[in-house]
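One chain comes next, on its own, written as structure tokens: the form predicted alone.
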Amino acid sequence: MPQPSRDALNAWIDANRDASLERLFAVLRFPSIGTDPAHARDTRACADWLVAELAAMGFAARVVPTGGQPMVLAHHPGDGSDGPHLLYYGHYDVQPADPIELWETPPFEPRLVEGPHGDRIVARGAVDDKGQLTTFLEAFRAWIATTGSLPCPVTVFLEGEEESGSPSLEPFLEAHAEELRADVCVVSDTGMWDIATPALTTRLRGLVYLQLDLEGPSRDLHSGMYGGAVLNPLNTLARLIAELHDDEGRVAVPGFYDAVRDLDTATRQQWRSLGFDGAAFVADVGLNAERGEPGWSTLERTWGRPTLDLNGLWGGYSGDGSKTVIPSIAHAKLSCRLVADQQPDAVIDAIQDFVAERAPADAKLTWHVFGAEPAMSVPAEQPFAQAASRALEHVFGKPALMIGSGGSIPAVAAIKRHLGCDSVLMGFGLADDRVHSPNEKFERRCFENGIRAHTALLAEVTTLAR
């Protein structure tokens, strides 16, 4: 089938920009907080809505049950030409909206707000990842409306547990490996360098996510009667957590850095040539000083060095007023971002051994592992990445930068492991999008350029031999 002109595709995008925005608003209205059982029905309703949208475009689409939240799985045969088979991945679950009181308007009532770059879409999930997955859904819609089909076979799968560690992903990939076979996976859950400069992400840090429960007394105790005489789980846990880092900010766990390779000189020079402003980066979140592991720039710390962070610490009484209690149990949530060659299981063992060696008598430790994924690199020279680079240059008028990411996308490594295909990480988020924070936003300009880029990518990949 002859390909439509870029002008025809862009004309459709322009004519339907408000309809595309309303479809994004529709999916943003679902409070699909996949990690919260109270929102299980909302999450399933969001999956059903996505299936209906894909089916309306001619996909054979269905909801696939898992041990947790369902997957959305859809196939389109394309126009019958012998083009490559593309797999698109995204996630329709979102982070909890807490703290609700910091949202300027309700998090699941999307709105347009004027910003420095024009309209921005504000809602939970606006950029992570509902807005970004909608960019490729709308690109499909543009092709189908313009030509009656897609230019190659396309499979889509969208998960509902990415924000809670993707516990159902591995079983799903194992069970549906043959159905999911493709030449490449396309992922839009990453970012651009800035609003005018596109980027392809070529490295992702891995993730370890743990919870530690430290139990002491058999019940909560009166701090006047027992204070100073028995183990206080909160005091003890706070001390153990503090010992995970030295005074300069390095992780103090023996063996933590053993497998870490220093960044090569060429990579450090390339990153430094980007002109990243570390002072502006921290100022944007209300801080005055860059901090972290000594000897590395902020960009190197976030893209190329491992971390260990405390994400939550609780126990005892935290309500209004006072309650003089020594709690019987305290809890901490910890996460590590890993770099190439670090093995998640080895890191977990090292942390658990470190804490166990320093825990006092009567401290009962229980660990829960919620995530363990290695770092991932994506070859920038592979043909599909080069096709994506050309597509981005068509839209933005400048070459795409090859960048790293401090974040983790467990699906990328899992897809490579189970399906044997690389991914193209072509995202449209910005550093100030307030991901996982109140008043999350997605620039409308980024949303619409994302649609254009995905339509251009479909045109580019059809020129590649299988």
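None of the values given here were measured: they were computed from a predicted structure. Numbers for residues come from their place in the sequence shown, where the first is 1.
Unshown form predicted together with a further copy of the same chain; subsequent notes refer to it.
Only one of A387, L207, L169, V187 lies close to a further copy of the same chain in the predicted complex, with a heavy atom inside 4.5 Å, and it is L207.
Only one of T105, Q270, T324, Q382 comes within 4.5 Å of a further copy of the same chain in the predicted complex through a heavy atom, and that residue is T324. This chain is displayed without a further copy of the same chain, yet in the predicted complex the stretch 274-282 from 274-282, 78-86, 112-120, 138-146 comes within 4.5 Å of it by heavy atoms. Not one of A196, A199 and P344 is positioned with any heavy atom within 4.5 Å of a further copy of the same chain in the predicted complex. Using a 4.5 angstroms threshold between heavy atoms, T66 stays clear of a further copy of the same chain in the predicted complex.
Although the partner is absent here, Y257 lies well away from a further copy of the same chain in the predicted complex, with no heavy atom inside 4.5 Å. With a 4.5 Å cutoff on heavy atoms, H436 counts as touching a further copy of the same chain in the predicted complex.
Heavy atoms of P96 reach within 4.5 Å of a further copy of the same chain in the predicted complex, making it an interface residue.
For the stretch 361-376, the set of residues having any non-hydrogen atom within 4.5 angstroms of a further copy of the same chain in the predicted complex comprises D362, K364, F370, in sequence order.
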